[in-house]
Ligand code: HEC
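In the form predicted alone, a lone chain appears below as structure tokens.
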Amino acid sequence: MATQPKEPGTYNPWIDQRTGIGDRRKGIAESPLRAVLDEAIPGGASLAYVFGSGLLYLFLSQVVTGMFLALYYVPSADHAHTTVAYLTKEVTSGSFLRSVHAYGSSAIVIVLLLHVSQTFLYGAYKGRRKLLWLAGCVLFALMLGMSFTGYLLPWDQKAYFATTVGTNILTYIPVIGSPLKSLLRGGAEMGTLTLSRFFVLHVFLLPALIVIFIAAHIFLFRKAGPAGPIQGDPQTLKRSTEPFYPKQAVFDLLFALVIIGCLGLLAHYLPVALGPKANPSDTHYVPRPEWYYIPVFQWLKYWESGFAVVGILVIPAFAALLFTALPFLDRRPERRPWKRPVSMSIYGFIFIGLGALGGISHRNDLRDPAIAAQLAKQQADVAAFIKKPFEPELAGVSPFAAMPLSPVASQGKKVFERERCIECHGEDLSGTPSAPSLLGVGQKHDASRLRSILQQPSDAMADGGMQPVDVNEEDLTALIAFLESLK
């Protein structure tokens, strides 16, 4: 049976009939999907063009994982850290999702830098792409804002002190600096109002602006078209033009799969840690920001004198303005990198300088014994907190006031109170400076081990003031039953 020949440009008759992708009949407008799939790429598909699609995928991944994290999060100084700890330690796959989200923010910065570098290297900001470049610069700033506002939300020591340093930078802005700092923090100090402001910015305002500018960026790209290779005869490039689908679409899909694989492996084998709850009174803590802010952190150290406003405000503002205005300053049609030595040298110098600042910061931390010791202690505190079982917020409330206990455990609770164990372990059983928390002790030790501890405390327990429990066998059995219920 003879088959009807397929029209040029159609992908699959069955799909064409049901989607209209291949519908080019006279008088019918070309579908938006077909217009995207038929996007002409001068010089053909290339792996160099995958970064834009990779950024779009990463943003969608952040939105999806962020929605799941927000289901458990409470933007309050009292509860934020506990909800993140619960998500990390108790919720099924909670640590994995949080790690994917955290690593995704770093991946966005990396792919964003690659995308900007490729655009600069190919001179793809020239000609009709001025507005496209400006929209990309705004997206760059918004993505960095997303990283900064999301950093505080776990409300652990690292997040609190790093954000404190970051918001203090605003005070160097003349006249409006201090009011901006107070507006962002919700007052003079960091607290619940700060968290609520950062939460609104991170979850609502900045994502809405990013969606708007992504739409503008895609629209402007569709109008300007792909820039194509940096060199080649125009007629040759025109003959070698091919549509976005299928080759470039496959390249983009493969890149997205690489991103998925990398994020999944990192989240599974190296889950993101959570440190102890923020303690504003800790004067020994040494703050360090996320890796992509380390060069800026080191740069600020050189401008702590009277010229701070120059290094912290004037020079960065001038560099940002120069970067944004690049299409208006470099108006020559030449796109080959070796024919643009000045601009390429400046761009390379900036990246080398940022890398050098990051290396200097790391070297200084290692060379200073006091800082190196404190940083090691902070890492040990984080590791110890992650290993501890989850402890719910029960301050001032008996953890089993509303929970039914067995008759034996209820009797054991009376023994616990009668023997005045509550004075050392606290009314909420969360521990005091004299004795550790008992929450979760029934999960860590079985009945025989609990009996041994009560009858023969360890040297560390004895040093803390614990004496062997001297009660009859019935009361001892009841006390052990009560401790076993503390899970």
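In this text, the rigid core denotes the largest set of C-alpha atoms whose superposition between the two forms falls within 1.5 Å. Please read all numbers here as calculations on a predicted model, not as lab measurements. In this text, residue numbers run from 1 along the sequence as written.
In what follows, reference is made to the form predicted together with the named molecule, a form of this protein that is not presented.
Residue in contact with the named molecule in the model of the complex (any heavy atom within 4.5 Å), chosen from I41, L37, L55, V441: V441. Checking W303, Y73, Y285, F416 against the named molecule in the model of the complex, a heavy atom within 4.5 Å turns up for just one residue: F416. Contact with the named molecule in the model of the complex, defined as a heavy atom within 4.5 Å, is made by none of G66, L97 and I108. In the model of the complex, no heavy atom of G431 sits within 4.5 Å of the named molecule.
Mapping the unseen interface onto this chain, A45 falls outside it, with no heavy atom inside 4.5 Å of the named molecule in the model of the complex.
Contact annotation: C424 falls within 4.5 Å of the named molecule in the model of the complex, judged by heavy atom distances. A residue is said to contact a partner when one of its heavy atoms sits within 4.5 Å of a partner heavy atom; M461 meets this definition for the named molecule in the model of the complex. Contacts to the named molecule in the model of the complex (heavy atom within 4.5 Å) from stretch 173-204: none. In the core-superposed comparison between the shown form and the other one, S46 has its Cα shifted by less than 2 Å.
Superposition of the core reveals a Cα shift of 2 Å or more for P457 between the shown form and the other one. Relative to the superposed core, L60 shifts its CA atom by less than 2 Å between the shown form and the other one.
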